[in-house]
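Heads up, the chain below is alone and in the form predicted on its own; it's given as structure tokens.
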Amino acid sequence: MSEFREKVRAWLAENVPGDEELANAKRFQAALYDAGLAGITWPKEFGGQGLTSAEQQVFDQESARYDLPNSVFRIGMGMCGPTILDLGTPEQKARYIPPLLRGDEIWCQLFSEPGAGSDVASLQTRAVRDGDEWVVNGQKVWTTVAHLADFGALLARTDPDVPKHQGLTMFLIDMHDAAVTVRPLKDMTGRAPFNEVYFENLRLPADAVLGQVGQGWLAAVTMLGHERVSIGGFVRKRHDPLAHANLAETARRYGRDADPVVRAELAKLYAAERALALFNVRLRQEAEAGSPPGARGSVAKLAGAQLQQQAVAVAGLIAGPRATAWEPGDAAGEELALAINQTPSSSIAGGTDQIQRTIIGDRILGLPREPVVDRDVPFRELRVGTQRSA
């Protein structure tokens, strides 16, 4: 393992570029792929390395020293790619996985809608069979990197006459099709990392279905499981201003490092970071042994969101008003304020904290399920989204 660690360390030191422009990101990912460091645990026959979670952990530890220009690939690597490997046909895996790993193609996930956020199964985007094709009409929202994506995993309703969880199908779509319109949305930081997406008579071939027709909820649960592990299992980067090490440095810079309260909160934050990191190592090892994370992905996602909030609280304790207002030219102060402003999204993206707690209660703790009044009602009869006014 030490030999592999040295290989990762040497390659990263020589090849990480200095900016995160899309072209550089693609060149970096291609170089990573050529060096045998992309898709470390993915199957060899589809471009992966076929190694174990131990090698992945080494890569994560070493790469955390840098701000890798690969965030644009996170949806594809963490969610779409693993779901295609789980449910795709051999042809779909051969077509989509290698270019995804090389960084040639960027992916997005098309789930959320204006009238169906956390209740994904209430979505209204329709896919209607027309001969050998499907015709899609509808709208998605909060779609991360859709403005850069080449392909997307789309969840659409294909049968409104059955209960809402039973009439869904997942499709793999070309985001460059003229029938797809992408409009960026700005968040409170002023950036536009996500989008609203419209489909107007988008025509898809029969082989665009991922999994089985009418089994889209199963595909969605599979992808959401990967998503929660991916979001909750993030590794603190070297320059993340909310990482324990950087907050400890901020405390020294502001002369707060001798304060016993600050020291105690920093210690708690360090323990929480380590606990989440070790929990995710365990999930990876168990997945490698054939036990998918399932509902435990919700534990990782919830713990990751809580860790972000804990770090923001510690940042406020250390920096006070300087956590939200900084002197001109204070790049560190600006980065800290930006990170704080981005934190609320961690409790929403990938399913709210409340959704994660419900899943943990139902499926892990065995608590009584919440009453569900629409489980057996045909979707067409539900008053959701635009159907509320019907």
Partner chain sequence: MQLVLDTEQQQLRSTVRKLLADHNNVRSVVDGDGAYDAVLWRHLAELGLTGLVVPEELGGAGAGHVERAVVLEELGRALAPVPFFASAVLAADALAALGDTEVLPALAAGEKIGALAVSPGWGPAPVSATERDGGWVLDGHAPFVISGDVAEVFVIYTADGWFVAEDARRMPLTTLDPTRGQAKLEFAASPARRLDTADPAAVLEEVRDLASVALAAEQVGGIGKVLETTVEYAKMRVQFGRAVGSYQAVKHACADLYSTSERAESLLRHAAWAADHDREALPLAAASTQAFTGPAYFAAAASGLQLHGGIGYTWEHDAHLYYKRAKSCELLFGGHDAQLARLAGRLDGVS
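Residue numbers count along the first chain shown, from 1. In this text the structure is predicted, and so the values were computed from the model without any measurement.
Omitted here: the form predicted together with the partner chain. The next part is about that form.
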ask   = Within a 4.5 Å heavy atom cut-off, is Ala64 in contact with the partner chain in the model of the complex?
value = no
ask   = Heavy atoms within 4.5 Å of the partner chain in the model of the complex: does Arg282 have any?
value = yes
message = With the partner left out here, check for me: in the model of the complex, does some heavy atom of Glu334 sit within 4.5 Å of the partner chain?
response = no
ask   = Is Asp376 close to the partner chain in the model of the complex, meaning a heavy atom pair under 4.5 Å apart or at it?
value = no
message = Using a 4.5 Å heavy atom cut-off, which residue among Glu200, Glu286, Asp207, Asp174 comes into contact with the partner chain in the model of the complex?
response = Glu286
task = With the partner chain left out of view, choose which of Ala349, Ala54, Leu338, Ile364 has a non-hydrogen atom within 4.5 angstroms of it in the model of the complex.
result = Ile364
query = Does the partner chain come within 4.5 Å of a heavy atom in each of Leu22, Lys26 and Glu133 in the model of the complex?
reply = no
ask   = Thinking of the partner chain in the model of the complex, which stretch from 149-157, 263-271, 212-220, 78-86 has heavy atoms inside 4.5 Å of it?
value = 263-271
ask   = Heavy atom within 4.5 Å of the partner chain in the model of the complex: which residues of 350-374 qualify?
value = Gln354, Arg357, Thr358, Ile360, Gly361, Asp362, Ile364, Leu365, Gly366, Leu367, Pro368, Arg369, Glu370, Pro371
